[in-house]
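Take a look at this single chain, the form predicted alone, given in structure tokens.
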Amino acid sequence: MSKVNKVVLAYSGGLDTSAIIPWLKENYDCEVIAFVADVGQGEEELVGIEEKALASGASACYIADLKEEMVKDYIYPSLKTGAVYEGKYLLGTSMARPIIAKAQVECALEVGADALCHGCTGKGNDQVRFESAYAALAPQLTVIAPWREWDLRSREALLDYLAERKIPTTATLEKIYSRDANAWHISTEGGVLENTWNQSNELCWVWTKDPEDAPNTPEEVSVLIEKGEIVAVDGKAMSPYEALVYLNKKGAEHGVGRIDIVENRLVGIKSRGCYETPGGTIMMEALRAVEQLVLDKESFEFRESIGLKASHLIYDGRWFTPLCRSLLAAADELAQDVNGEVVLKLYKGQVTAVQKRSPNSLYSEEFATFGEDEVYDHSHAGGFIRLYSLASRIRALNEQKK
């Protein structure tokens, strides 16, 4: 094993990272510093986490509040691109990884560490996301991935490992589902979901009401957008994080933002998960509604292509790359005119934009009306169609000659 003196571990307080701390000390004979990223996973996840890290053998534990920065500098730019992975997934887990890795690297450089460590398994996407960020930001630091090195292969083995060393843990064998949460979403995997023929049950959903049990009366929310960013909700100015928290609560009450998806992981494995993104689903619908008013056909088509490519870059952990920066910049430029107000109806798991307006709207009632108008000469369409279809006409004439 490489010789390291001080390692900064991305620490969650869960079973895996609790076992990693003593494992690092035993196998690398190094000092371990726990780094905790508060990305809105919930206060209950952070209670006592510093004490837990120190009890596991860490020499120190640093907690970074990244909630506002994550929404402002990572989620909002991603929303402008329209990134949706494989048509459904709003990139909840992958959206948080770049900022966590960046803050972890900053912590490591500040404390003079020579190594970074994460608790990602060798089957998932997160190992790629973390290590790609490490490579882009601090390639000189050694990276340690215990799940690719140790022989602890089960939850029971991890619990036994901690028990042998008299390290306290609240984890038990009864955990059925694997969950990951941040301000943007919560994911649930494992349990009954491992068989794709099984329907999800109430244990697979954490934040949102079952749409069948949601209120029978619709609720409307008003969203104000400036340059592709939500700046106020229901008439109240809000920071990006405040707006997300507010809309999460509204959406969850009405069962908005649930998806049950089988996705293609980067490593080639298909996985199934139940994801809840209530506020994000509302935000996405609001931005797309204003885009419909503001972007011309070719601009909208280009924005869609940006969203498709960005969804794969973000999912694959390539945030800190020139291509990703270029796509984000292009989406930001297109969003300069995306200003307006949208009223959205929340009802039984659905969110629908029912009113929308923009000072930059290209929609003209004068031109679009089905009634009589004085601004559009129907006869002009004939010449346009003839030129538009000219290549097809020439091709058909050539075929006739043959």
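It should be emphasised that the depicted structure is a prediction, and the values quoted were computed from it without experimental measurement. Throughout, we count residues from 1 along the sequence that is shown.
Omitted from view is the form predicted in complex with a further copy of the same chain, to which the following refers.
Check E298, F302 and E341: does every one of them have a heavy atom within 4.5 Å of a further copy of the same chain in the predicted bound form?
Every residue of the candidate spot has a heavy atom within 4.5 Å of a further copy of the same chain in the predicted bound form.
Given that a further copy of the same chain is not shown alongside this chain, does D160 nevertheless sit within 4.5 Å of it in the predicted bound form, heavy atom to heavy atom?
D160: no, not in contact with a further copy of the same chain in the predicted bound form.
With the partner left out here, check for me: in the predicted bound form, does some heavy atom of P139 sit within 4.5 Å of a further copy of the same chain?
Yes, contact at 4.5 Å.
How about V294 - does it come within 4.5 Å of a further copy of the same chain in the predicted bound form, if we only consider non-hydrogen atoms?
V294: contacts a further copy of the same chain in the predicted bound form.
Taking heavy atoms only, is A55 within 4.5 angstroms of a further copy of the same chain in the predicted bound form?
Looking in the predicted bound form, residue contacts with a further copy of the same chain do not include A55, since no heavy atom lies within 4.5 Å.
Determine which one of 130 to 138, 68 to 76, 90 to 98, 236 to 244 lies within 4.5 Å of a further copy of the same chain in the predicted bound form, judging by heavy atom distances; exactly one does.
Residues of 130 to 138 come within 4.5 Å of the partner.
Within 4.5 Å, heavy atoms only, which of V231, I261, I167, V111 is in contact with a further copy of the same chain in the predicted bound form?
Exactly one residue meets the criterion: I261.
Please pick, from L327, C274, L287, I144, the one residue with any non-hydrogen atom lying within 4.5 angstroms of a further copy of the same chain in the predicted bound form.
Here the answer is residue option L327.
For the stretch 261 to 283, which residues lie within 4.5 Å of a further copy of the same chain in the predicted bound form by non-hydrogen atom distance?
Counting only heavy atoms within 4.5 Å of a further copy of the same chain in the predicted bound form, the contacting residues of 261 to 283 are I261, V262, N264, R265, L266, V267, G268, I269, K270, S271, R272.
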